[in-house]
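Two forms, one chain: they're shown below as structure tokens, one block per form, named structure 1 and structure 2.
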Structure 1
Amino acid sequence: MSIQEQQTKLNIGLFGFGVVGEGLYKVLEHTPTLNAQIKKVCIRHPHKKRNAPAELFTTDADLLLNDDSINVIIELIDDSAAAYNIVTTALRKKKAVVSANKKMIAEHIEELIALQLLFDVPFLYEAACCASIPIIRNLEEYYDNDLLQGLSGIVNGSTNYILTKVSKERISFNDALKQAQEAGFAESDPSLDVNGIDAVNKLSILLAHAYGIITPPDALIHTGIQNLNNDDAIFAKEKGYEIKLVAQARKLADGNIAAFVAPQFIESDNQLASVKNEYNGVVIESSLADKQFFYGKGAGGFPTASAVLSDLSALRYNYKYEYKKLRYQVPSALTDDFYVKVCISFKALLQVPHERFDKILEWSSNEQRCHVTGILHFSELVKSNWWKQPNVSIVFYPDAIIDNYVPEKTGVLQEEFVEQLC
């Protein structure tokens, strides 16, 4: 039997023909070795002009889902509820599925894993996390052991574009957001990106593959860049840092996992400092291999299509995620029992309850903002939202997670704090 005869012929039912879907269609036309063809495409707007034969398209999802000759469903739509119905129906019909819908996957990953196992079909979604960066496959295959110490990444290109503009061009956050929207890197409603929701969805998915942790994204502490301002950027520059929105997870000395999404000060020698504009970057730290850096475009038609194409290629050999950390090892557990070093900036002094800090290391103020650097227990961020108030911003320091910290509770008396700060 020849190599090509051993490969599975992929007859594809494609949902969505936007930038990514059309990009995939064009690539497949010029990649005959994949042994794959798009048989039908389900779209929402039938009268929209498209760069493909009209007979390829339909608005009837059942034509794809009930066609026994279609053995692969590719879901590339932006409606997470509709995507969930498409994916779960396809899995129950024993069709392999490829998806890029990180919100849908993050919110339903436990059920989706169960369906894969029950019906013994692959469900692949490399494109859902960092587009062109093959981070999920690496976590699944290369780091399928307990030596993974941590991962940290810039996983949202829109916010990274904004922060790059603010840092390099000294423009306001609002102006940088407008530029991102004009360049097509941010949506007209940018809240999913700017508020850190897109990044925490991706972190939720990565935790399943890195540590066997299944957790809904809203259970993870996260904030975006919505409360940052130009004084924060100036403060960072004076300290020799840039600010990046970072998703991270780290194994602590007790084996439990700390995980969150938040703005972070990045030093110039950190690999993430080189990640500019709409690019993504992920640093993986291992006990034996030290640090490895993955870099690439995190959005766009062809970068995302390249990840979908990689999943399609793997399907020819019936590749499946094994979720080894979840199924064959005792999964790690999330914890909020650790300390972090953070900088809080704010306008009104009493917005920040200084008694929540175990130790205040530094404070400064000018006519616009006050900045307080200190150490606090992470559970303080879990059980209260004072740090999410308007005009209050939080930025984590490099190596913010302090393992085995010995509490001091030196604190500062409120009267002394008010007197010295303002």
Structure 2
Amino acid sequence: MSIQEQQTKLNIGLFGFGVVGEGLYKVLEHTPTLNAQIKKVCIRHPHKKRNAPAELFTTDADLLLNDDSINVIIELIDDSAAAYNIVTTALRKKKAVVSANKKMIAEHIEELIALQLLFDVPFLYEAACCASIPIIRNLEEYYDNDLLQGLSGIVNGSTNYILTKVSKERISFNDALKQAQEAGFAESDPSLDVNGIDAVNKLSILLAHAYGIITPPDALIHTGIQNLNNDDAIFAKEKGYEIKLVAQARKLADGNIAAFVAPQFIESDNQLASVKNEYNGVVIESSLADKQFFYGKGAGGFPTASAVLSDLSALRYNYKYEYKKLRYQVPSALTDDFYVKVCISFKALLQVPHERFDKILEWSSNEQRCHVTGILHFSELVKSNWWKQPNVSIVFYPDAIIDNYVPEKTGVLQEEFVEQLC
């Protein structure tokens, strides 16, 4: 059989005609070789002006889901509860599905994997992590579990855009956020970006494909850029760093995985330092290949549409994720049993329980804030909330995860620290 005969003609039912949906529509119009055609688009607001023929649109989801000639559903809507209903209904009807809804996927990944297997249909979502960067398919296909030592990435374009603009152009946080919203990078609820929730949703999806770990995103330690302040940026600069919001996972010596999302000091020679504005970047470390760097636009209509397009193209050959690390290998397990080197900045001494540090390495204070650098057991962050209070910020150091650390409990330094600050 020729390749052409093996290819499936894709009749698409599209949900959503926002920045990404319209981007995809335009791209498909100019990609006849894909053998794909949008048959109907389901939208919520029928009176909004659209740049496509009116007969393409409907507000009736069932018109798409019950149409047997539609063999692919593309879900690009904002509302994750509605997206869940669309995607699960489509999979049960044995339609292939492409989605970019990271929140919905992260929160329901176990069930979504089960449905794919039960109904033997593809469900692809490359656009859900890092938009234009083909990170999911690479983790799924290329990196064997045993060789994958870790990944660290800037996976949220909006916060990276804000951090870049605030530090390079000295515009205010709110103005930078506004620009990110106007450019279509931010979530419609931008607190999902700012508080690290979008990034942790993406990390939980990456963990499934990197290590076969299925975890609800809110079970992973995460914080965003909401509590960072100018003093933190100045402190970082004095040390030759800049601060980025980083999602990371690392295999420890016992084979278990440490994973979290938090601001991190980035050295100038780290590949992530070159990631500016809405770009994303992921550094993958593997035992034999050392470091590899994936880089590209992580938000915006066309970059996201390009990943959807790539999924569509894969569907012509009936490509499915196999979840190899989960199904054919012993999946790795998450652990909280490791130490981390962090900098905590705060206003009032009482906000930070200094005695919980195993070791305080350095401290400084000025009229505005105190900065403490020390080594903490990671479980301290899991079981307590002091580091999340307003006016307290946490930034992880480069190579923050210290595996096989031998606790020192250097109380004397801590007493000096308290004396100096009181």
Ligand code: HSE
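For numbering, take structure 1's sequence and count from 1. Take the two forms, find the largest set of C-alpha atoms that superpose within 1.5 Å, and that set is the rigid core. None of the values given here were measured: they were computed from a predicted structure.
Working note: structure 2 is the copy from the form predicted together with L-homoserine (HSE); the remaining copy is not. Core-superposed comparison between structures 1 and 2: the C-alpha position of D175 differs by no less than 2 Å.
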